[in-house]
Structure formats: structure tokens, C-alpha cells
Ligand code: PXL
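A lone chain, given as C-alpha cells: the form predicted alone.
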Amino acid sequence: MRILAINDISCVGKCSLTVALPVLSACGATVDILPTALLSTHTGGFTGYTFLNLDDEMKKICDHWETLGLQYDVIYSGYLGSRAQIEFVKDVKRRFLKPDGIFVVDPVLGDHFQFYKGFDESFAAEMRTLCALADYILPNDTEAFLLTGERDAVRALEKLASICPHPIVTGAETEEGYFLCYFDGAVKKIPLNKVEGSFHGAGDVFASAFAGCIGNGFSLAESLGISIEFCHRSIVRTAEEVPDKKYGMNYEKELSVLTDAFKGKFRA
């Protein structure tokens, strides 16, 4: 299985492509990357970080790839730094995704019910057009709200189901905490034991594992179960072992959750 991960490179603070590469590799995939931006650190909790937009380089990379005849079983899209990059990813899907391939979009927009710096309503509207091309979208509860205008996660999920056939809302807020997903024409709630605190990179840990699972032929329910278990165990370990959470999650010690689940299930 060959996966293309489209996301930024944050050099410090484990997230985005520095998470996607090892997690997808643990799922047995050959992973190629298309970086959208280069940052000295991620933007959550660090100040004075550097940022380099890679619009021009993305085009050159993909033009070279086309001469190689590359095609992908899965394309997984994360952080996109501009509306132009959203449009470009649509073209990447058209050019490089196999006819029976899977397109997974993590519509990175914000957290704590606010846009990340540089994003606004017009950017969210453009992101909705990308979500409409996806087989699966993985917004957090904030992004579900920013895409639909609904603060209630269940109502947001129902609206998202009219955009994409399989929306999944991560980290929906209740006393217990749960994941929401939409399949078989209904909203499904998957509860989990909530761990207090903010864990940078948790969304990338989950999304990367999910893309690896669904691309390898696991069912939606199986993919969710494996990915949630991996992400939750990584969060618990991080809560116990990492004093400064902005440096990212200790997911590496839980990769056995994926490798154990994938024994005998790798897709050629």
C-alpha cells in the first residue's frame, strides 16, 4: 500500500508529517510526503516560530512525480496554509489517486472554537469544497462547528454527512468524552475515558492511524476501534510521562497497538 501524506513539517513539537510518517509506516504503508509548509515549531504554545509557505515547491514536486507515474492507494490531507493549497490538493487527488483509492481529509481549521491564525470563514468555505471530495473527513469538534455553524456536535455531524459520506468528529465534549461518526445512515457515539488536559498532536496521531487502517482494508468500525485505542493509550502515556505537553505525545511506545492489529492484515 502506498500512501501520500499532505501536511506541514513542524521541526519541533511532534505533529503533522513527523507523526504521519512513523504511524503510517507502522501500518505497513510506503509513505510519501508532500509538505505544505516548513515551521521551526508548531504554533500551539510556542512563540517566535518561523514559517515558510511551500506553494511553489509543491507544484514542482508534483510535476516531477507525474513523470514517474506515481499513483496512491490513499491520499491523506492535513494542514493547508492557503486557499490556493486547497485547490492544489484537489488537483493532486485527480492526478495521483488510484481510481479505487481512498481520500481522507483532516480539515485543519482551529481549536477551542476559534480559528487558527490566518484562517477565517472564507477559508472554511473553501475547505468544505475539499471535504465534499473526500471519502472520510476527520474534523475535531471545533472544526465541525466552523464547517457547519453548529456547536452541538451531533447536529454538526448530521450536517457534515450531507457533505461527505463518512464524517468523524474527534473529541466531542461531554463529561466522558467521545468520538462521533456517521455510517449506516445514523450517528454513532464511541465513548472513551476522558483524560484532562490539552495534547498537541493527538489529532494527527489519530488521523494517521485511521488513514493507515482504512487503507489496509479494515472496516470503518475496525479502523475507528484500532485508531482510538492507539490514540487514547498515547494520551494516557503522555499525561504520565511528558511534563511540557507542547513538545508532543509519547505515541512511539504505543505503536505496538498498530503492529499487533495489522499482523496478517497488510494489503499488498
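This one's a predicted model, so the numbers in the text were calculated from it and none came from an experiment. Throughout, we count residues from 1 along the sequence that is shown.
Not on display, but discussed next: the form predicted in complex with the ligand.
In the predicted complex, which of the stretches 227-235, 211-219, 37-45, 55-63 has residues with heavy atoms within 4.5 Å of the ligand? Flagged stretch: 37-45.
Taking heavy atoms and a 4.5 Å cut-off, does Y72 contact the ligand in the predicted complex? No, no contact at 4.5 Å.
Applying a 4.5 Å heavy atom distance criterion, does F113 contact the ligand in the predicted complex? F113: no contact with the ligand in the predicted complex.
Is F103 a contact residue for the ligand in the predicted complex, using a 4.5 Å heavy atom cut-off? So F103 does not count as contacting the ligand.
Under a 4.5 Å heavy atom criterion, is M249 part of the interface with the ligand in the predicted complex? It does not: once the ligand is placed as it appears in the predicted complex, M249 has no heavy atom within 4.5 Å of it.
Can we say S10, C15 and V108 each have a non-hydrogen atom within 4.5 Å of the ligand in the predicted complex? Every residue of the spot touches the ligand in the predicted complex.
Relative to the ligand in the predicted complex, which residues of 58-93 have a heavy atom no more than 4.5 Å away? The stretch touches the partner through Y79 alone.
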